[in-house]
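This document contains two forms of one protein chain, each encoded as C-alpha cells and listed individually as structure 1 and structure 2.
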Structure 1
C-alpha cells in the first residue's frame, strides 16, 4: 500500500475551514485512546478536561486569563511566520517584557501615580521588542539562523530572571523566597468585570491586537508586503519590498507583543516577579498561530482552545488524578494533526493498494 499525493489545481477553500476542526477531532480521539490506556474512563476524562472548565463563570475568566498571552504572542508570531521569519524565542521575549515591565513597580516602589501602569505597558513592549531585535540584527546582518539564536536567548532570559529574583530584586521581607515584592495596587492591571472573576485587561489587549493585525494583513500595503515577501522573496524584491526591513519589522512587532503579554501576566495575574512566570506560553503560542491558520481572527479561536488545554490539565489533575503533563501531550498532538490536516488544502490523497508501480519510481 502506498499513499500518493496529487496536487489540487486550486487551494481548497473548504479544507481551509475543515482542517483545523478535523485536527481537533483527531486530537480528541487520540486523547480518548490515551486516557483508556491510562485506565481512565475516556468519556469522563475528556469531559473533565474539555467540558467542565467551561461550565462555570469564574472558570471562563480563568480561560480568558490563559488565552490572553497566547493570543497576543501568536498574533505577533503569525506576522513573523507569514513573512517567513522564524521567531521561536517568544518565550524569552515574554520573560524580558515581564522584567522590563516590572522595573517601575519594583525599583520605584514608592512612586504612586496613575502614570505607572501605562509606562509599564510601554516598557514591557519595549523590552520584548529589544530582546527580539537581537535575532533580527543577527539575521539581517550576519545571515545567522534566527531559529537557533532566538531559541538560545530563551534560556538566557530565563536565567537572567532567575538571577534578578534571587539577587537584586528579591523582596527583603520575602522570608528568603526568590520572589520580588508585590506590586502596589496602581501597578496591577485591573480586572475587566470584577464581580464575577479575575480576568484582566490583557484579554482586551489581545482582542485589539488580533483585530488590528487582521486589518493590517487584509487592507494595508504593509500586510501585502508581509504576504508577498513570505511567499517569494524574489517577487517581493521586484515589487520593491525589502526582505531585510521585513526581518526587523516582524521581529520587533512580535517581540513587542510577547513583551506586552509578559508584562500583563506578571502585573495582572501574578502580582510580582518569580523564577517561573510562564507555563510555556511562548512555545504554545506557536501551536496557537498554526491552529489559527496564521490568521489573527482564527488565532482568537485557537488561543481559547489551547487555553482550555491548560485549564483542563489543571482540572483533570484534581478531579481524576491525571498528570498535568497530559496538557503538553495534547498540545503537541494538536500541532501534529493541524500540520498534517493542512496538507488536505493543497493535495488530494490517493491510497494505492496494488503493489504494481505505475511508471518509473
Structure 2
C-alpha cells in the first residue's frame, strides 16, 4: 500500500475561501486540547487568549501596534510569493531598516527638524530594500536558492544590530546597558489618537500599503505581470515580461516594506535601538501572508488575527500562568493547518494497493 497525492483537475473557489476559516477552527480545537493537557480549563484559556484582549480600548491600540508590522511585511511578501520568489528573510530586512532609519536620531541627535522623521522612514525603506537586493542579485545572476540566502542574512542583520548597540551606538549615558540613545521627540512616530492609547501611524501606513498593493495587483499591468510570471515563467516570456526584472522588483518592494515596518517599530513603539526589536514579526508575517490567501485585503484581517496571538499570549501568561512559548505553538499550528488545507484544495489523497508475490493484495 502507498499513499499518493493526485492533482485535482478543478480547484473549488468555495473551498479556497473556507480553507483559512477551517485552519482557524482546527487551530483552536488543537489549542484547546493542548490547554487541557497542560491542566488548564480550555474555555478559560482560549478566552484569555482571544477574547479578553479585545475588551479594553487600550488593548485595541496594542493590537494595532502589533498588527502594523505584520501587515506591512506580509503585503510585501505577498508580491514576492505571487511572483514565485521566496523571500524568507523579511526579519533581517526589518532589522536593517530599523538600523538605517535610526542613523539620523542616533548620530545626528542634536539635529531637531520636521524633516527628521520623514527622512528616517525613507532611510528605513531604503535599507530594507538594499538588504533584500542581496538575495535578488544572487538569484537573478547566479541562480542561487533565495530561500537559503535570504534566511541566512537574517542572522547577519541581528548580529550587526547587537554589535552596534553594544559598541559604536551604545548610549554613553545608558549605564553600560546595550541600548542606543533615546530618540528625540522629532524622531518619534506620533500616536493616532493619543488621548485613548498609543497606537501610532504605522498602522495607517500598513492599511494604505495593503489597499495600494491590492489595487496594483487587480488593476495595473505590473499586477498582471506578477500573476503571469508567478504562474508560468514561460508564458510570461511570451508576453514580453522579464523574470529577472521581476526578481528585482519583488525583492526590493518587499524589502522596502519590511524596512519601513522596522523603522516604524523602533520609532513608534520602542524609541531607541536595542538588541531585540522584534518578537519574530518577519517570520510570523509569512503565516499572515498565507492565511490571507496572498490577498492584501485578506492580509489585513489575518494580520489582526496573528497580532491577537501575541497580545493574547502576553495576557494569558499573567491571567492563567502559561509559558510565552504557547504563542509560538499557536502560530505554528496555524501555519501547519493553513498549508495542509491548501494542499487538500489542490490535491486529493489516493491510496494505491499493490499486488504482491503469491497473488495477495
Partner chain sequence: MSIFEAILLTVITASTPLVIAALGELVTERSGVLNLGVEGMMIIGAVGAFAAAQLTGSAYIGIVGGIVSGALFSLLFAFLTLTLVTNQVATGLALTILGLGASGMLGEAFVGAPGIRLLPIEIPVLSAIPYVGTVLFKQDLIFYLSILLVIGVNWFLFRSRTGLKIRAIGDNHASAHALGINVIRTRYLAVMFGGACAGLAGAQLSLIYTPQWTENMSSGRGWIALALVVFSSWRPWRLLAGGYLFGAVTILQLHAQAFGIGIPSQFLSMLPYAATVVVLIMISHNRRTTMINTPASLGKAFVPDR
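Positions refer to the first chain, counted from 1. We call the rigid core whatever largest set of C-alpha positions still superposes within 1.5 Å between the two forms. As the structure is a prediction and not an experimental result, all values here were calculated from the model.
Asks: Looking at the two shown chains, say which is the form predicted on its own.
Replies: If we ask which form is the one predicted on its own, the answer is structure 2.
Asks: Note yes or no: does the Cα of residue 343 move by 2 Å or more between the two structures after the core is superposed?
Replies: After core superposition, the displacement of the residue 343 C-alpha between the two structures reaches the 2 Å mark, so yes.
Asks: After superposition on the rigid core, what is the displacement of the C-alpha atom of residue 8 between the two structures, in Å?
Replies: Residue 8 C-alpha displacement between the two structures, core-aligned: 4.8 Å.
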